[in-house]
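Next comes just one chain, in structure tokens: the form predicted on its own.
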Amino acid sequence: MLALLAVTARRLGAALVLLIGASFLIYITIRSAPGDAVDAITPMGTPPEIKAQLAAEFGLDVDPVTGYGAWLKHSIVGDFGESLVIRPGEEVMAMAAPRFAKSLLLGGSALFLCLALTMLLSILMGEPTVRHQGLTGFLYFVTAAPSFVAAVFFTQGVNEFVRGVVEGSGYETPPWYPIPISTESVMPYFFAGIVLVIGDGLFMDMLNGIRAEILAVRNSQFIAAIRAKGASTLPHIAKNLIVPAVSAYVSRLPLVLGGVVIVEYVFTLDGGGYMLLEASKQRDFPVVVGLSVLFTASIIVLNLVADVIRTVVDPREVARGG
């Protein structure tokens, strides 16, 4: 138990250092980009002294390293600053946290769905055969497109289906039609989740990894010994798939959250990804930094949780020093 706590504390410390380093790079990169909030909110011909006054008010009159030190000091207590352009004066966390939660829920749910589908398909496919080549080739073709391309084709396909079949048959059109449209319906989120599953090659990447793990466990010597004794192998196979499944989930989370930013923009979903792009276009750097840190922190925290789960399920992680 003490060894487990020591490993957890060491990983927590490493995660904290990683988060500080990532936030530093994010802040410096955004502050060093051409243009700033002053340029975004002032018209052409604004006197330089007015711009200088606004820069001082926004904290943009200091170098990025000094600015990061001030930002870090405040962010430790949860103060990520105020929006400069999108909603001037509003606290970044107050406006960004609920939208980030939507993005995390969307990406996390889509990734879980992808994991469940790939595990089910891997079990149904069993041992590799020649017949599987046609199926995997088709899946490679369907899921190879980038998420934004998949989103555009998906929205067009759904809109054409509603226009040609639903309206053509005299039925009432659904409230979320046409896509994209501002609506309270959950269907755009459902469609966005499907796009995340089939875009960026995620499905086939996870299918190949999960299928290889299942085949390796099924064909292992200890499973053969259990099978020879006439005992059920299912509990043993399931236990030995926990670590690979958790690893597959967290290792692909950054890809999915990156896709969420684009997919939310295509579907005009009011999430963190959409806000991040809007804030970037308008040079609202406190919002950009806040949301970027939230996305990065979620990946770091979930990796930490996954490490703890792997350590609990497989005590050899502790023996190896974590």
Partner chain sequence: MEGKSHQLGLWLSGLVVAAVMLLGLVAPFVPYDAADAVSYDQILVTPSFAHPLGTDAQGRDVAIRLLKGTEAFFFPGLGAALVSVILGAIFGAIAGYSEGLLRSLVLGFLHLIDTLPRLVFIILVCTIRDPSIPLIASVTAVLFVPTVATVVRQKVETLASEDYILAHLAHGFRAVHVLAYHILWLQCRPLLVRQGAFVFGYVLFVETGLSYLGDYGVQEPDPSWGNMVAQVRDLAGLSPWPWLVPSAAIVATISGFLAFGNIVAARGEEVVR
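Take the two forms, find the largest set of C-alpha atoms that superpose within 1.5 Å, and that set is the rigid core. Numbering follows the first chain given and starts at 1. As the structure is a computational prediction, the values presented were derived from the model and not from experiment.
The form predicted in complex with the partner chain exists for this protein as well; it is not shown, and the discussion that follows is about that form.
Heavy atoms of residue 66 never reach within 4.5 Å of the partner chain in the predicted bound form, leaving it off the interface. In the predicted bound form, the partner chain sits within 4.5 Å of a heavy atom of residue 160.
Remark: residue 30 counts among the residues lining the partner chain in the predicted bound form, judged by a heavy atom distance of 4.5 Å or less.
Put simply, residue 21 is close to the partner chain in the predicted bound form: some heavy atom of it is within 4.5 Å. Contact with the partner chain, judged by heavy atoms within 4.5 Å in the predicted bound form, is confined among 89-97, 194-202, 104-112, 71-79 to 194-202. This chain appears without its partner; in the predicted bound form, the one residue of 149, 117, 166, 187 with a heavy atom within 4.5 Å of the partner chain is 149. With contact defined as any non-hydrogen atom lying within 4.5 angstroms of the partner chain in the predicted bound form, the contacting residues in 280-296 are 280, 281, 283, 285, 288, 289, 292, 295, 296, given in sequence order. Relative to the superposed core, residue 28 shifts its CA atom by 2 Å or more between this form and the one not shown. Residue 191 is not among the residues whose C-alpha shifts by 2 Å or more between this form and the one not shown once the rigid core is aligned; its shift stays under 2 Å. Superposed on the core, the two forms barely differ at residue 100: its CA moves less than 2 Å between this form and the one not shown.
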